[in-house]
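Encoded as structure tokens, the following chain is the form predicted on its own, with no partner shown.
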Amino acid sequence: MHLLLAYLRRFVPTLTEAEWQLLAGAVRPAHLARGQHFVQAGDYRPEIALLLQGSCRLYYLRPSGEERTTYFFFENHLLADYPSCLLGQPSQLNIQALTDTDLLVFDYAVLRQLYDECPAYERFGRVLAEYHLLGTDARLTEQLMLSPEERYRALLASGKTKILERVPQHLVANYLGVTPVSLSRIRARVARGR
């Protein structure tokens, strides 16, 4: 089974082969080398990609030039600059490959057209938006309500082990909103059971 079709069926299990074919012709492979960006702030890239192999991070640049990592993508994650796709404006975020990364890419305009033509894709878009809204809300609540150590403990308990296993520690620290030194101290305290 095509990997993107399998992904779509996670959200719309009833998607038929004929409905899949409406999108299949627009899908193309892409590759990002380590450090290469899928999208950078100021660019307009109205494309969606399924990550097949590798890893990426989503980050913002503060006016001071400081990076703020907010999300990591691994295999079977859909990635895009959704606000830019929806608004038709240049990106405010960056998505960068942490490793050599293989993707399946298609234009957002194709999906938007399928929303109008096929109820299964409209359902996919709604369920995907709900999924992302819940994830964004959970991340925002975590950042606003939890201390750095509580955020680290929540990460440990979340099952998001790929972040801890595959992402460099300085980026994990950035994701948690702490310095690498602070993360080392937090990890030591948690390891001691305090």
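For clarity, every value in this text was computed on a predicted model and none was experimentally measured. The first residue of the shown sequence is 1; numbering continues from there.
Separately, the form predicted in complex with another copy of the chain exists; it is not shown, and the next lines address it.
*Asks:* Going by heavy atoms within 4.5 Å, which of 126-134, 25-33, 38-46, 160-168 lines up against another copy of the chain in the predicted bound form?
*Replies:* Every other range fails; the passing one is 126-134.
*Asks:* Do Val110 and another copy of the chain share at least one heavy atom pair within 4.5 Å in the predicted bound form?
*Replies:* Looking in the predicted bound form, residue contacts with another copy of the chain do not include Val110, since no heavy atom lies within 4.5 Å.
*Asks:* Is Glu122 close enough to another copy of the chain in the predicted bound form to count, meaning some heavy atom within 4.5 Å?
*Replies:* Yes, Glu122 sits close enough to another copy of the chain in the predicted bound form that at least one of its heavy atoms falls within 4.5 Å.
*Asks:* Test of understanding: in the predicted bound form, would Leu15 fall inside 4.5 Å of another copy of the chain by heavy atoms?
*Replies:* No, Leu15 sits far enough from another copy of the chain in the predicted bound form that none of its heavy atoms falls within 4.5 Å.
*Asks:* Report whether the minimum heavy atom distance between Gln143 and another copy of the chain in the predicted bound form is within 4.5 Å.
*Replies:* Because a heavy atom of Gln143 falls inside 4.5 Å of another copy of the chain in the predicted bound form, the answer is yes.
*Asks:* Need the contact residues for 51-90: heavy atom within 4.5 Å of another copy of the chain in the predicted bound form, sequence order, or none if there are none.
*Replies:* Those in contact are Tyr60, Arg62, Arg68, Thr70, Tyr82, Pro83, Leu86, Leu87.
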